[in-house]
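Presented as structure tokens, the chain that follows is alone, the form predicted on its own.
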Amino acid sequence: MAHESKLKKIHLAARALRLSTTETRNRVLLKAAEFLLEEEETILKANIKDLKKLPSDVSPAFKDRLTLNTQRLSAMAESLRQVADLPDPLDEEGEKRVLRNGLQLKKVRAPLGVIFMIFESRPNVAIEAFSMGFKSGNAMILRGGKESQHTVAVLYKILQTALKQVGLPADTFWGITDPDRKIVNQLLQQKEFIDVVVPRGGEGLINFVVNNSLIPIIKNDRGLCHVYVHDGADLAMAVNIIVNAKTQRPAVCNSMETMLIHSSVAEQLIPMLYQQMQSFNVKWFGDAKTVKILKGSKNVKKASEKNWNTEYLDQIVNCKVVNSVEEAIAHIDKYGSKHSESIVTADASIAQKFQREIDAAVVYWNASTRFTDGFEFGLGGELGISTQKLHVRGPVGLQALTNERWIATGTGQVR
């Protein structure tokens, strides 16, 4: 295999990194934050180069995902500093017990090892993923999409420079800029050298990795998120939550795609929502009742089965009128991606029913789905939002990038 020697070096570097101190790893993150700000001009020039390569018909939301600016670079640097400030999960002690024969057992946290992260157009993911994986003691392999090729090349160089300045092995990190998909195909087979693969992107990427990887996966599936407004809800609150969940940054996985409105408030609430969303030029797909309520309004079409199952990542929304919380739950159970779901209601028992029965990584009551984020949750960042049920679910923070192992201390015990 063409990259076997490189993978062997990374595998060995992961062992060295596991023995590094918290202070050393933090210094790398703080140096990277400094270099990000110092190299702003170089990064933004590379980003403009990537933006100019985009097809003319690309959606504004896709372009937004790729775009960097001074404010976003500052946020990336701050994220690095915040991760450096977080407690180190390594060697954290958990359960302890002493067996009847005197054998002492304890659980301690250890890195996963080598993490291969595949992402698409958002270049800030490179910094966020590196910081979370590296802080928790993992060697990182990052491969971004071709759309961000020039931008991530500069970011990868910054991370390598930070490692060298602090004195850690350069092989602790491998940033892949070659867009050839064959490299991904080859790496997904290398279970001897890579411990975990994390795909972060659209449905096509997720399915490709799931179908081709021999390596265990932390799956960050699409975000087909819903907000359900129940009978008797505070309608002003509902408008604020839904408009935020849909329009604040539609191109990310925790944005809302479908709103479910109880029939008792539909006649009043749906026109309010439509009016508030018009300044964002949101296109609507609705069931027959929604279309009837908004009859004659522009950008409103009848929803098909495909619409209910589509993650738009754009200023497009679905709307359905339901007659009960049970109907809302059934719709989410059928079409949701187990990412983030929300209910707006004044009834605590209904909210608790919704939160108990909805099978998703995060279930909200009277709040926007946009909070499903490692930074917002106080985790310092995230490697993604896991929608699977094994190992980790929800924002993948530092602790989730480690596992527990047993340390056993004896005085000569035999069985």
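The numbering used is simple: start at 1 and walk along the sequence shown. What we label the rigid core is the largest C-alpha set whose atoms superpose within 1.5 Å from one form to the other. These figures come from a predicted structure and were not determined experimentally.
Not pictured, yet referred to below: the form predicted together with another copy of the chain.
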{"item": "Per-stretch contact check against another copy of the chain in the predicted complex, the hit in 282-290, 328-336, 261-269, 162-170 (non-hydrogen atom, 4.5 angstroms)", "value": "328-336"}
{"item": "Partner proximity in the predicted complex: Val58 to another copy of the chain, non-hydrogen atom cutoff 4.5 Å", "value": "no"}
{"item": "Distance check, Leu37 to another copy of the chain in the predicted complex, heavy atom within 4.5 Å", "value": "no"}
{"item": "Contact of Glu120 with another copy of the chain in the predicted complex (heavy atom, 4.5 Å)", "value": "no"}
{"item": "Heavy atom of Thr67 within 4.5 Å of another copy of the chain in the predicted complex", "value": "no"}
{"item": "Residues Arg15, Leu103 and Asp359 all lining another copy of the chain in the predicted complex, heavy atom within 4.5 Å", "value": "yes"}
{"item": "Contacting member of Arg72, Lys107, Arg81, Lys157, with respect to another copy of the chain in the predicted complex [4.5 Å, heavy atom]", "value": "Lys107"}
{"item": "Interface residue in the predicted complex among Gln278, Asn211, Ser324, Ser304, criterion: non-hydrogen atom within 4.5 angstroms of another copy of the chain", "value": "Asn211"}
{"item": "Neighbours of another copy of the chain in the predicted complex among 31-59 [non-hydrogen atom within 4.5 angstroms]", "value": "none"}
{"item": "Arg200 C-alpha moves between this form and the one not shown by 2 Å or more, core aligned", "value": "no"}
{"item": "Thr42 C-alpha moves between this form and the one not shown by 2 Å or more, core aligned", "value": "no"}
